[in-house]
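Only one chain is included here, represented as structure tokens and corresponding to the form predicted alone.
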Amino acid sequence: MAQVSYREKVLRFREDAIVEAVNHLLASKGYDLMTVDEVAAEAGIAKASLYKHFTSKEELAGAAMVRVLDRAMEQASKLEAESGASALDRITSMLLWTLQVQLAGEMPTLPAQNSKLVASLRANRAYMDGLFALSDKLGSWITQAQAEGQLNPELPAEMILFTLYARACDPVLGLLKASGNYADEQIIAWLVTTTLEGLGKRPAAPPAPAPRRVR
């Protein structure tokens, strides 16, 4: 195995710091409010050095999204390797992981209406490959869960998939946390329940039968 030079190690470390800074800013401020100057400051490097790694704000956002997709795919692969877990178990665990990452401030949120950014992401081969790979894996779980009667088979599988993706940038999580009224675990549990079971009232459990008298 070829050894990595000291210069390459420094460049990789710097790039990781840049992507981590972008991820944090995208999660806390969003793409529109994030500036390249802020990224450089948070990463602790000069703006000129940053441009040696990434040439634009769109490229910075793309790198952060690729990193998150890589983490998500790694998590999905771990869940798939667990024996005895049903498709719904895997979907639920993946949703829990997504919400925990978002709550930790590590889930970038990107505005779909920004056409320049969308065009940049669509041209990013690593991003598109990662998105398709993750969608295929989640889609297979959704189809299996529908076939097993664990998810509504009348809903299009892609609708369920897009709903799961939407939870990754759901503002409800942050709003409930900011209120200070609820524990993180409770907020996540509520979001998982409403995502997979809806907002309807659960039917009351039938009363236990009265004990029969012995004559």
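All of these numbers come straight from a predicted model, not from anything done at the bench. Numbering starts at 1 and runs along the sequence shown.
Quick note: we don't show the form predicted together with the DNA, though the next part is all about it.
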With the DNA left out of view, choose which of 152, 35, 181, 28 has a non-hydrogen atom within 4.5 angstroms of it in the predicted bound form. 35
Among the candidates 53, 167, 177, 67, the residue which, in the predicted bound form, approaches the DNA to within 4.5 Å (heavy atoms): 53
With the partner removed from view, which of 185-193, 53-61, 169-177, 155-163 is the stretch that lies within 4.5 Å of the DNA in the predicted bound form, judged by heavy atom distances? 53-61
Do residue 147 and the DNA share at least one heavy atom pair within 4.5 Å in the predicted bound form? no
Given that the DNA is not shown alongside this chain, does residue 17 nevertheless sit within 4.5 Å of it in the predicted bound form, heavy atom to heavy atom? no
Is residue 41 close to the DNA in the predicted bound form, meaning a heavy atom pair under 4.5 Å apart or at it? no
